[in-house]
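We begin with a single chain expressed as structure tokens, specifically the form predicted alone.
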């Protein structure tokens, strides 16, 4: 150690002062490391992590946007297909409803016509019966007047009964029992 001390003295360095400066440098280095270097390094690492996270988030957002665009396109295509199907079903339903309405109207018209025809037949039959009754009454009066001059009361009654029966059964043109 003496040789080391001689060399130091040869260069004009004082040992105590040199050791004090080395200790001061080490203490200053430790203080700077603890209070300055570590917080700055920590801050730089946090910023680096935030930048990396931001880049990752941007990449994920870009992928999510592309996926959303693809989904939107698929949903629009499906909606167009569904709209076409709904439109086609509506047209078919409309045509079916139109046909059914026409058929119902035709049936109602046929029913009305059939009812009108039945009423006309009933009225015709009633009118025929009234005319028949009137003709029987009229014929009876005519025969009574004519026969009263020609036949006796008993003959008139027989002839009149027979004539009324024939007229009531459909007249003289039809075969009677």
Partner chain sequence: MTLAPSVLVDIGGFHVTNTFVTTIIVDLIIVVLVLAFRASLSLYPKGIQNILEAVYEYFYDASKEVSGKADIIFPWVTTIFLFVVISNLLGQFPGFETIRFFSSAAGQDGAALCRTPTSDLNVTLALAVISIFMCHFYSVKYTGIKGYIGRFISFKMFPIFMFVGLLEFIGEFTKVISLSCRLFGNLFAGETVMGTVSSMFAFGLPLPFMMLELMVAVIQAVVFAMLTMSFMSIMIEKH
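Residue numbers count along the first chain shown, from 1. For clarity, every value in this text was computed on a predicted model and none was experimentally measured.
Form predicted in complex with its partner chain: not shown, discussed below.
For its partner chain in the predicted bound form, the listed stretch (27-35, 54-62, 115-123, 133-141) containing residues with heavy atoms inside 4.5 Å is 27-35. Using a 4.5 angstroms limit between non-hydrogen atoms, residue 39 touches its partner chain in the predicted bound form.
Residue contact check for residue 169: none of its heavy atoms lie within 4.5 Å of its partner chain in the predicted bound form. Residue contact check for residue 44: one or more of its heavy atoms lie within 4.5 Å of its partner chain in the predicted bound form. At the 4.5 Å threshold, heavy atoms of residue 165 stay clear of its partner chain in the predicted bound form, well away from it. Along 8-27, a non-hydrogen atom within 4.5 Å of its partner chain in the predicted bound form is carried by 9, 10, 11, 12, 13, 14, 16, 17, 18, 20, 21, 22, 24, 25, 26, in order along the sequence.
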